[in-house]
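Presented as structure tokens, the chain that follows is alone, the form predicted on its own.
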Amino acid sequence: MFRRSGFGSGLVERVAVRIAVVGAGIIGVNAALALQARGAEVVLFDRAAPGQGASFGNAGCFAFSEVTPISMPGLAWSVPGMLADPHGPLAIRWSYLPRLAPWLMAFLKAGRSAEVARISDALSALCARAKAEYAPLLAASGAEALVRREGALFVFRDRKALEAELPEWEMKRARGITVEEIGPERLREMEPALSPDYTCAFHVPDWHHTVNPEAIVTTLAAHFRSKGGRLRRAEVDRIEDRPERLRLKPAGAPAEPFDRIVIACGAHSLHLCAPLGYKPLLDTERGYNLTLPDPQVTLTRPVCVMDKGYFMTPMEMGLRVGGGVELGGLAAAPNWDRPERMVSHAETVLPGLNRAGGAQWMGFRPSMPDSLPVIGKMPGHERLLVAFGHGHMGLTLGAVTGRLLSEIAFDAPPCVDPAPYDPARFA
């Protein structure tokens, strides 16, 4: 954007494009940094401090190998069990089923073999760039100190259980993911605290984890501010798309003009999108965990207990035990029995585990039915952009999402083909 710098002078000066990003989680902060790197004047809005939503309580995993969708062939037969078991790894609240039905139908369709292959290719394209896009940001911001590179383990009780999962893991190998199958001796060497009842595992050496997910976001946000970015602690009431300019209305304040606006407020994004006529099939995976401040057992890396579908991740504040998916929307009261049951099971996986003083948490993961995020321009609104729907992969895909969104915003050549993440799908 340019303007004349003086009457009759003929001189032209560059004026920064003014962009608002709504949402100060891992996606919004990365989007703000990437837009800022392209010379934009960026204002980051959130009703809470950076990193206080889903980014606060996640499992802390940079899951670079997770290139398969949640919906897989045969999953449709599991739906009755999901409805019957409120404590299963994938559970559905009966009361939410009517509202969930359109999302659930699209979710089951995404589990067809041809769709799984397409979705896996699209996830692979993002994951293949995710680590390289993070590297300079982590180094420049100081967040590198919060990252560990110890890989991850996916543990099974016996070889038969491991072999039942082989098709999905072979799909990952076919897309370049390094996966090692290890037996009981190697498993004991890597994580001596594990119960001998778990005899084999998949080891993925290329995973990273953070010892403090909240601090990753706050450190990146501080880096954004140090480079001239502005943080505004405010609820955004609405966004107006007027012919002359976009306007954003913070609660209790006048509307402000912007050249572009990015909606990146996770599971809460529909509140701003729907009045503009954009209603994607975005729903909420409710995730639970307990963080144990003095576990009295030691893990070196994230461990996924495959028979129950939860993770145990070592962090600065203790051992975080959590995972699974509950489909129940934003309004229902938490089912705190879910994390308690996970920790009860974890006591059998880690003999001697001390659960005293565990801090409960429940957060809302923004989820699209095909396990792919929406990244790009809002249908019918050229100057509005969206970046949400990352499900379990928000931390992993934060930096590459920011880069791709900034390229789309400025009509630059994209680092990956943006078509699979088109916001118009499921709209």
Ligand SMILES: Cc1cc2nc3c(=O)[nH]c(=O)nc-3n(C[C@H](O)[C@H](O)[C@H](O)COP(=O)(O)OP(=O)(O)OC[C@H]3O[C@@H](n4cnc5c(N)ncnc54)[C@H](O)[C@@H]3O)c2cc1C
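Computed from a prediction, not measured in an experiment: that's the story for all the values here. When you see a residue number, it is the position in the sequence shown, counting from 1.
If you look for the form predicted together with this ligand, you will not find it shown, but the lines that follow are about it.
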Contact flag, Y288 vs this ligand in the predicted complex, heavy atom cut 4.5 Å:
yes
is_contact(P295, this ligand) in the predicted complex, heavy atom dist at most 4.5 Å
no
I'd like to know if P69 sits close to this ligand in the predicted complex, meaning any non-hydrogen atom pair within 4.5 angstroms.
no
Touches this ligand in the predicted complex: I27 (any heavy atom, 4.5 Å):
yes
Hey, with this ligand in the predicted complex, do F154, L319 and L353 all fall inside the 4.5 Å heavy atom range?
no
Just one of 254 to 262, 268 to 276, 185 to 193, 114 to 122 has heavy atoms within 4.5 Å of this ligand in the predicted complex; which?
268 to 276
Considering S55, S371, S65, Q36, which brings a non-hydrogen atom within 4.5 Å of this ligand in the predicted complex?
S55
In the predicted complex, the one of A40, V400, L385, M393 near this ligand [non-hydrogen atom within 4.5 angstroms]:
M393
For the heavy atom contacts within 4.5 Å of this ligand in the predicted complex, list the residues of 207 to 242 involved, in sequence order.
A234, E235, V236
